[in-house]
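Heads up, what comes next is one protein chain in two forms, each shown on its own as structure tokens, labelled structure 1 and structure 2.
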Structure 1
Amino acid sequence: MNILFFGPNGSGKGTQGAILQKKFNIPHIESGLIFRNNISKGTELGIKAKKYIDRGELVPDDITIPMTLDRLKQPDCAKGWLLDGFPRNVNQARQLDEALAKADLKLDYVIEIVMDRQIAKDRIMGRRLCVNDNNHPNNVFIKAIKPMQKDGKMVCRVCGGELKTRSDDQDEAAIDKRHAIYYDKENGTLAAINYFKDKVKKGQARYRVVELDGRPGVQEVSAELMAKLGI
């Protein structure tokens, strides 16, 4: 089972990807994580990539494309993969498509978590972490999981615990930069998704495109995904 998994930052893509990976028991390949691992090990690739990552820019294609295509050739990918974070632009989409055709590999699903840009931003910036349990959902912008008020202070809606923010969740400029790349229909990630959708429209693809509304809760989105995949 070979899957491409798309969704903007804040859409719950990481959570749904992890659920899907367990279901199919295939490696979850995240281009961002490969870079982070290389940076922490201080490899040549990590050193080259770091300056772009720190600026919130895409790492150039001549580094990213071979790195990702090589990863897909590793033995653990023989029974399939879930690719997340790649492709992020049209050139990456085209080159991945060509590499798969050359290797006689078939793509099974292109999954897209659809979410409006402002909602995705609110979900990131509204997120509050409970100091007692990371899994207690709290978000000041989502009605269903709004924190409680206690003595004029916001507290965890599940246990009444203290709430904190993650500093990178509050970096509005960084969020805007990442979303600008994702929502760019000319050459960004939405353009990469459209590359795969266009092939379906032209009858040139054997894979299925699955679109998911990312707004409901984790369980609901996951149930919709499983239903659409026929699992």
Structure 2
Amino acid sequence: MNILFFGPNGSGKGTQGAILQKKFNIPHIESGLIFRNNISKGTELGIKAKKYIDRGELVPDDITIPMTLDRLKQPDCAKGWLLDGFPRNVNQARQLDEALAKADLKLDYVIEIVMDRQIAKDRIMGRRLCVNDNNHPNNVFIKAIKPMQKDGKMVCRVCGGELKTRSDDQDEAAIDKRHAIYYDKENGTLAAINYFKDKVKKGQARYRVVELDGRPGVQEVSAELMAKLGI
């Protein structure tokens, strides 16, 4: 099963992607990791990409698309793959779609976690980390995993431990910048998603588009996902 997975930062996309990866035993491929692997291995594309990155410039699509396609052709992708974080704009969506068709790589699903921008932002800024165990979920904006109150302060809902925040979770400007790219319906990631949706509406696609409501908890979103995939 070959999947493109979309969702804004804060939507729980990484968690749902991990669930799918385990369910289908396919690699969960993140675009950033593709760059890092090519650069660390000194591949021809990696060397070209590094020159742009070192100058603080965006890597051109004519480097990014072949690099992504090469990753999807690796042996561990023979039974399928889940591509996360790419494409980020409508031009990349069009070029990736064409490249997949040319390489005879069939796309099966385009999955989108739908979430209001403010809710996504709140969920990022509301995350709290337990000092005893980072796997104890706490978020001040999610009722099901809201921290407990003890002696006038918030503590871990699981173990009562002290809570802390990640600095990048509190960087409002950085969050807004990432979300500005994602929620851009003209050229950004939402435009990329709409490119795939339009092809389905016009009967020009073999893949299915699956929309998920990202507002409920992890289990509820996962249950909706599996139901819509017919599992």
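Just so you know, these numbers come straight off a predicted model, no measurement behind them. By rigid core we mean the largest C-alpha set that fits within 1.5 Å across both forms. When a residue number appears, read it as a position in the sequence of structure 1, where counting begins at 1.
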Inset, instruction - Eyeball the pair and call it: which is the form predicted alone? - result: 2
Inset, instruction - Kindly check if the Cα atom of K197 is displaced 2 angstroms or more between structures 1 and 2 relative to the superposed rigid core. - result: no
Legend entry - Rigid core superposed: D54 CA moves 2 Å or more between structures 1 and 2: yes
Legend entry - Relative rigid-part rotation, degrees, compared between structures 1 and 2: 35
